[in-house]
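A lone chain, given as C-alpha cells: the form predicted on its own.
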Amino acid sequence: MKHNRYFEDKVQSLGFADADGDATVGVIDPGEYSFGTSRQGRMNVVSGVLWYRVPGKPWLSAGAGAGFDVPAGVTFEVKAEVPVAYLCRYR
C-alpha cells in the first residue's frame, strides 16, 4: 500500500493492488486540481460531486455512484465544492 499526497495534502490517496488490478482510493478537498496520467483509468465517485474535464471535452460532473474514463498520457482537471471520495481503477 502506498500513501500519496498532492497539493499540500488537499488530495490524498492510498494505492493498492487486488484481484482486479491496480487502484487508488482517496479524498479530494474542495478546490481545483490538475493531474497527469500515464495509464488509462476509471474514476468512480464514492461520495460528493466531482467536476472533471478531460482533453477535448467540456466540464462534466459525476456524483456518488457515477464515474468517468481518463485516457492514458493526458492531463485532466477536477474541481470539488465539497470533500469528494473516489476509487480509481487502472487498466
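These figures come from a predicted structure and were not determined experimentally. Don't overthink the numbering: it's just position in the shown sequence, from 1.
The next section is about a form of this same protein that is not shown, the form predicted together with another copy of the chain.
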Please identify the residue among 62, 27, 43, 54 with any heavy atom within 4.5 Å of another copy of the chain in the model of the complex.
27
4.5 Å heavy atom contact, residue 75 to another copy of the chain in the model of the complex
no
4.5 angstroms heavy atom contact with another copy of the chain in the model of the complex for residue 47:
yes
Might residue 9 be said to contact another copy of the chain in the model of the complex, defining contact as any heavy atom within 4.5 Å?
yes
At 4.5 Å between heavy atoms, is residue 71 in contact with another copy of the chain in the model of the complex?
no
Near another copy of the chain in the model of the complex, with a heavy atom at 4.5 Å or closer, the residues from 70 to 91 are 83, 85, 87, 89
